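Just one chain is shown here, as structure tokens, and it is the form predicted alone.
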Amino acid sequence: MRYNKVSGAKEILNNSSYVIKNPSAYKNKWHQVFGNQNPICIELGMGRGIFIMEMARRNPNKNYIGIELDSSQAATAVKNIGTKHLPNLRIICVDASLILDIFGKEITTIYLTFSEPWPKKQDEKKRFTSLNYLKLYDRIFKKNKHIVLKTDNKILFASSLENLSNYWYTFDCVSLDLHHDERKIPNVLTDFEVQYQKENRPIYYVDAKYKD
């Protein structure tokens, strides 16, 4: 799925109260941004923000931060928020590889929803569930580690299960076809997922945890 470029994206981001313009200034201080001590969850590669916006709406007792490198997609997320009142939501337009500059040990959950799969062998280190990224996450998780992944890509899913398992994560839930799973796993759709559901694609899902 391709996104159109948004005219004036940078201006849209600069004028939004939801967008944090200098995120590194809040490292170890994100609870001050939200004005509470609630858990902080992040989504890497939030796209248009449909998923994280709905998560924030449904869970007012948790704080959510969407991270997106592409300014047009981040600007579209701002537009999608519109006049909604979501005080527990913030947006950062930055490369996900820079998370150590932005967060201390403050995060409780990381959501990876339809991330770039990087299916070629030579690109596997770029996957958000590669071992080098899992090591980065170690340094921003508050205590216990919690990663939730959804994807339509078999290669990404298989490598994610392998890497998470090798890194001593355990799986609370695994599904090879989330939308048709008899367990009726709670699910918030992304914009990608809405289209994939129409195409009847199987969605792969894992909820992985590591408790110290």
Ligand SMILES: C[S@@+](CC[C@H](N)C(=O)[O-])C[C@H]1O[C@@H](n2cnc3c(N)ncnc32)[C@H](O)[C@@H]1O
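The numbering used is simple: start at 1 and walk along the sequence shown. What you are looking at is a predicted structure, and each value in this text was computed from that prediction instead of being measured.
Although it is not shown, the form predicted in complex with the named molecule is what the next lines describe.
Q: Of 200-208, 186-194, 18-26, 5-13, which is the one stretch near the named molecule in the model of the complex, taking non-hydrogen atoms within 4.5 angstroms as near?
A: Contact-bearing stretch, as computed: 186-194.
Q: Among D95, D123, D138, D101, which has any heavy atom within 4.5 Å of the named molecule in the model of the complex?
A: Looking at the other structure, the residue within range turns out to be D95.
Q: Of I42, L149, M46, L164, which residue is found within 4.5 angstroms of the named molecule in the model of the complex when only non-hydrogen atoms are counted?
A: Flagged contact: M46.
Q: Check, residue by residue, if N88, E106 and T109 all come within 4.5 Å of the named molecule in the model of the complex, counting heavy atoms only.
A: Spot residues vs the named molecule: no contact at all.
Q: Check Q73 for me: does it contact the named molecule in the model of the complex (non-hydrogen atoms, 4.5 angstroms)?
A: Q73: yes, in contact with the named molecule in the model of the complex.
Q: Using 4.5 Å between non-hydrogen atoms, is T113 touching the named molecule in the model of the complex?
A: Contact with the named molecule, yes.
Q: Given that the partner is absent here, does L69 sit within 4.5 Å of the named molecule in the model of the complex, heavy atoms only?
A: It does: once the named molecule is placed as it appears in the model of the complex, L69 has a heavy atom within 4.5 Å of it.
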